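Okay, here we've got a single chain as structure tokens, the form predicted alone, with questions on binding and movement later.
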């Protein structure tokens, strides 16, 4: 078995060195942060699996450190590497990171924020919710505790601020306090809340609100892994043509998020609102949910306050959320040659 040590400024860069030098079958046996910055990985591979030496592979180990200390990397500013570090920090699944980095490497963009935005635009689709008259009611669906009721209140506030009429309906009569919570919001906005318990009653409530610019339906939380829950949701959706919009919280396990997204897509969901971004620092799960399920991003919630509303999402807005310290990072990087 061969052991080899690799030094780099970031884990992503060190991992790339491992793959180039030892191949995809290499096993990481140790990692440690170096004094003064950087990370050292020790990788192992069986002798008969070792790839042939690559003459132009990045230097590793002490050779890399000597060249780094000598200043040969001080003026380097690798846009793809900055973005790769960002994706790694967000726990982005490898398949999505690879797609985004491939897109960046085909672009001649020198600003990491703009590069990430362009890459996101090439991989994801963005369709923000409009405030114009809608022929189809919006039905907010999703797992329990995702923030659907607060999202309904935010949509109502947005409509009022823009002088649009809105009808609010809730089918969430099972969860304790659900109707009371939404009723408190609608009373403050002087809106009428209609509560329904079954599909037949929903049809009548939709007729009552037929003249509104927009109708929003709050639903009870649906467990995507429970067949009965999903059957009930399908029955409710079958009453009249509605647009089901998935509401999902950020910060959950990426694999679980992707599976949830796929199941909700199977019942007709095409767009997703992501909530709780104010409580989340890693956005890998929401990228996974949207990518694996081929959903469209629409809006995000980054505050628990109704008045602060939802934020329509586009590629650059998402890039800014993922790189909040972009200006400082670019300034320090260009000055020092590090990814501080």
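Just so we're clear, the structure is a prediction, and the values are computed from it rather than from any experiment. Residue numbers count along the first chain shown, from 1.
As for the form predicted together with a small molecule, it is not shown, yet the points below apply to it.
- A residue is said to contact a partner when one of its heavy atoms sits within 4.5 Å of a partner heavy atom; residue 301 meets this definition for the small molecule in the predicted bound form.
- Among residues of the shown chain, residue 162 is not one whose heavy atoms approach the small molecule to within 4.5 Å in the predicted bound form.
- Among residues of the shown chain, residue 91 is not one whose heavy atoms approach the small molecule to within 4.5 Å in the predicted bound form.
- The closest heavy atom approach of residue 81 to the small molecule in the predicted bound form falls outside 4.5 Å.
- Shown alone, this chain has one stretch from 208-216, 148-156, 94-102, 113-121 that lies within 4.5 Å of the small molecule in the predicted bound form by heavy atoms: 148-156.
- The single contact residue among 137, 167, 143, 261, judged by any heavy atom lying within 4.5 Å of the small molecule in the predicted bound form, is 143.
- In terms of contact with the small molecule in the predicted bound form, the residue from 181, 223, 125, 195 that brings a heavy atom within 4.5 Å is 181.
- With respect to the small molecule in the predicted bound form, the three residues 10, 15 and 281 uniformly fall beyond 4.5 angstroms at the level of their nearest heavy atom.
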